[in-house]
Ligand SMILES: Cc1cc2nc3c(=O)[nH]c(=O)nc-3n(C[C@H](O)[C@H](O)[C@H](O)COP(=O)(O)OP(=O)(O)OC[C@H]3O[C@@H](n4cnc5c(N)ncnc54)[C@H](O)[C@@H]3O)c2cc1C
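One chain is shown next in structure tokens, namely the form predicted on its own.
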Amino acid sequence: MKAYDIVVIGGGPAGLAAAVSARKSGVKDILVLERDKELGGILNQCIHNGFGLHTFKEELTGPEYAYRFMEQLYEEKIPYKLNTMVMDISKDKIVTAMNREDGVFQIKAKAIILAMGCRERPKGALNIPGYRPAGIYSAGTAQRLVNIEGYMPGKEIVILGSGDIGLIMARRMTLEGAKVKVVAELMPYSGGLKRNIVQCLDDFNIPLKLSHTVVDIEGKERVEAVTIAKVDKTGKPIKGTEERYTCDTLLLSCGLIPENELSRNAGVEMNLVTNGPKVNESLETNIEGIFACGNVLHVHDLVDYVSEEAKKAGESAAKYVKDEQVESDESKTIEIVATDGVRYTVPSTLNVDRMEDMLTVRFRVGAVYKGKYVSVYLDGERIMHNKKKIMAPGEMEQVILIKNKLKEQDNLKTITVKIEEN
């Protein structure tokens, strides 16, 4: 059985950034395992621009952004295996994988970085009535067909869900000559970035109907028409509000789910809100030496934040391997509580002794808030109260915790992040 200091599972933007970061932190023995036939992950099919403004201070396409990190991987001579499917991770960090060249093989790792990304929510999870004709695609599958394979899924399109991929595909299909008739969204707000609503829908006069869902799909061999209807506050369709659109294609952009089957089987404790692992200030899971970053941890809005988080995971894994972690009493672990409009936080626990001078805590809100405040409490004392013009579920928010401020508090038990009126 081969042994490596760090095994990175996933060769997308998170895995690449984590591997490079770990190497720059002084760990030589690193291996990246990627199930696809090339590195870069989902970014290879994201040919639109808007990537890299935070990381590289310039606007790049997805493949350009991925290649910047691939170049760093090549420069650092970090080995990687493509077309390699990881089958299992054991609690004592033995990775079982398979590919054509090696067959089934095992690797003993001192540390593992989970960077498997996420997948789209499938049609089966959406409870849409009707037959199962051809012409129903997830937005990501359609994106791959158009941008990589060179196929057009259809000519008359209805999109269900206003996630970022769905919004971007509304524009992409329009530019390729298709007619996007409507984007329907079950929630009373969009799940995508504001800039994507403006640039992908408003600029092309594509209607966005909030609080609407698909109630019928017509056609046995191929989609022929789709009926949408307005929904009430419980998500139930309202009779008499149906609208029928003739079309040959229905694209689904109904959310992303972190790829965590491997994590669960390894015994990693999961966050029920994010469907990703629970992590501490070092992005370490409840299993010592297993770290997580990127969309496998929680679904991000910007890839720049994925890279930033992955850099941190790489540094933390390197410290663990080199036994440079600060020794600390586990009883000093503080819970970060998300409440009153804040759905979750990453990380969900921290140890003040082990954290750096500043810690970025990322979170998402559960509804659209205008002119409200983000507040942070140490036990009962409020230490932060920042007014935000607007907050929406489609965009990640963050607060910065200062180590010295936390140390001033004796016997600190909980940090609470919440939304307040004033």
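Model, not experiment: these values are computed from the prediction. Numbers follow the displayed sequence, beginning with 1.
The form predicted in complex with the named molecule is left out here; the points below concern that form.
Interface residue among 201, 252, 111, 303 relative to the named molecule in the predicted complex, by the heavy atom within 4.5 Å criterion: 303. Only one of the listed residues (345, 143, 190, 282) places a non-hydrogen atom within 4.5 angstroms of the named molecule in the predicted complex, and that residue is 143. For the named molecule in the predicted complex, the listed stretch (182 to 190, 345 to 353, 287 to 295, 129 to 137) containing residues with heavy atoms inside 4.5 Å is 287 to 295. The named molecule is not shown here, and in the predicted complex it never comes within 4.5 Å of any heavy atom of residue 70. Among heavy atoms of residue 118, some come within 4.5 Å of the named molecule in the predicted complex. Heavy atoms of residue 42 reach within 4.5 Å of the named molecule in the predicted complex, making it an interface residue. Of the heavy atoms in residue 227, none are within 4.5 Å of the named molecule in the predicted complex. Using a 4.5 Å cut-off on any heavy atom, none of the residues of 89 to 112 reaches the named molecule in the predicted complex.
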